[in-house]
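Next comes just one chain, in structure tokens: the form predicted on its own.
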């Protein structure tokens, strides 16, 4: 997947000094690369009996929705607090600088459903873990987690040991 990795722009010192920001928008701008990424990610879960794909706000939506289409299943957005109307379930999680909250419509996932949880990138793993906890809160089962990019130095996978975890591209110490 080196050719796809090369489509991702790295911006040094953004959003603050010392951070190497992995800008996935340059991959999304490349139709063949974006399509190949989606198909490769979906392929990993083709035999996992996925009933629904959940995407994490906001860049996770960009990847999760086409994966759902590729798998022939529905897509459910996991939103930040206050963005969904109607009845919802939520889970709070810790960030390095405070807390946040993910929510999903209370009728979007049902007991027994197998849900693939997708985000664009796994760093520390906190957001993805919160999304998995939210899926389980609904009674559904996490069929797996997937991301385009994993920043392996941040060891986010350690929070996801309970799940089948797939990443298409990794950045480590770069």
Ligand code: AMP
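Note that the structure is a prediction, hence the values are computed from the model and not measured. Positions refer to the first chain, counted from 1.
As for the form predicted in complex with the named molecule, it is not shown, yet the points below apply to it.
K.L.:
With the partner removed from view, which of 28-36, 113-121, 132-140, 62-70 is the stretch that lies within 4.5 Å of the named molecule in the predicted complex, judged by heavy atom distances?
P.N.:
Result for this chain: 113-121.
K.L.:
So, in the predicted complex, is residue 166 in contact with the named molecule at a 4.5 angstroms heavy atom limit?
P.N.:
Although the named molecule is absent here, residue 166 would stay clear of it in the predicted complex, with no heavy atoms inside 4.5 Å.
K.L.:
Quick one: is residue 125 in contact with the named molecule in the predicted complex, heavy atoms, 4.5 Å cut-off?
P.N.:
Within the cut-off, so yes.
K.L.:
Mind listing which residues of 14-40 have a heavy atom within 4.5 Å of the named molecule in the predicted complex?
P.N.:
Sequence-ordered list: 19, 20, 21, 22.
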